[in-house]
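First, one chain by itself in structure tokens, the form predicted on its own.
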């Protein structure tokens, strides 16, 4: 028997119903904030992620599904969503149009890493990206959008925020940090590699020994330039004014190299080691870095699998179940179902069954109405209907049945 590859799984009912429900509600909230849907390819040039995510990240260094296709192109299954949206933004010359462009997306991402609770090799994200707005108010709105989605599903979380500085304040801080790191030979090999590629990424290390060492490391928040300090203060004001609780985490750097200024993460205690459910921040230099016109940008992504583990979902009763009590009525319910499907969800049972068996089947399939035709209904041109939610029964003419919502 051929099975799904390790770390990849099928999404079947009822989980698929929960998945679609999340997408429906998250998309609705994103549209309320002015975002429009964008879809980018699963397959991209490898160079896109090397130039955006960065060589110091574990994604590029260890986790990409990278291969050479039949045309000799170096390609990769996308490991995250932002880079592809930025590539599309530039390719379609939106960076030359000016104004603000806001997108939301959802779909599969791929990373070759050890599968565990809340982490798969093929996983799904919901994300938003905003281009062209440099105001810290947009950072606040983006965080509130992520919060609104989590609140919609009653997800327990805590919010962590940080500022990663800008090209003015970051270089001198990096020098001090590298000086500190060179005085500690007991940091792990990954941190030694990051020290030479992008030193602030060491703060994201999960090694307990390294984390203990970094409690003594210089803090970026102590080295912010005037503008970054002012904007970070304003962000805190905005969150406080909206009643949003948060924690300042000076070691929060996110896992990708392209972030600047605001960085944030929502974490939940219900997921074990993989406790981040959403995260993002500002990446004002990435559009220019990938060949576009300098454009401020900010966004976030939510791990859908992790969210699905954190809320309960009971599909609501929906649609009509049609069944026949005898063979002579099957053609009739088939015709009724075909007409009814022009406006409603219809579940059709081809085999004649007893009333009790039909009611059980309709209940099992979460239909709102069980609609049955037997000899009496066929001769009177009516339909027997039971509302499975209200436990009410009635008999109506076929024409009235076809008009029901």
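These numbers were taken from a predicted model, which means no experiment stands behind them. Residue numbers count along the first chain shown, from 1.
The form predicted together with histidyl-adenosine monophosphate exists for this protein as well; it is not shown, and the discussion that follows is about that form.
Participant: Taking 4.5 angstroms as the cut-off for heavy atoms, does residue 128 touch histidyl-adenosine monophosphate in the predicted bound form?
Facilitator: Answer yes; at least one heavy atom of residue 128 falls within 4.5 Å of histidyl-adenosine monophosphate in the predicted bound form.
Participant: Can you tell me if residue 119 lies within 4.5 angstroms of histidyl-adenosine monophosphate in the predicted bound form, counting non-hydrogen atoms only?
Facilitator: Result yes; residue 119 sits at the interface with histidyl-adenosine monophosphate in the predicted bound form.
Participant: Using 4.5 Å between non-hydrogen atoms, is residue 80 touching histidyl-adenosine monophosphate in the predicted bound form?
Facilitator: Contact with histidyl-adenosine monophosphate, yes.
Participant: Quick one: does residue 323 come within 4.5 Å of histidyl-adenosine monophosphate in the predicted bound form, counting heavy atoms only?
Facilitator: Outside the cut-off, so no.
Participant: Exactly one of 299, 296, 199, 140 has a non-hydrogen atom within 4.5 Å of histidyl-adenosine monophosphate in the predicted bound form; which residue is it?
Facilitator: None of the others qualify; the residue that does is 299.
Participant: Considering histidyl-adenosine monophosphate in the predicted bound form, which of 87, 306, 101, 106 comes within 4.5 Å of it through any heavy atom?
Facilitator: Only one listed residue qualifies here, and that residue is 306.
Participant: Of 108-116, 326-334, 178-186, 205-213, which is the one stretch near histidyl-adenosine monophosphate in the predicted bound form, taking non-hydrogen atoms within 4.5 angstroms as near?
Facilitator: Of the stretches listed, the one contacting the partner is 108-116.
Participant: Using a 4.5 Å cut-off on any heavy atom, which residues of 1-33 would contact histidyl-adenosine monophosphate in the predicted bound form?
Facilitator: Contacting residues: none.
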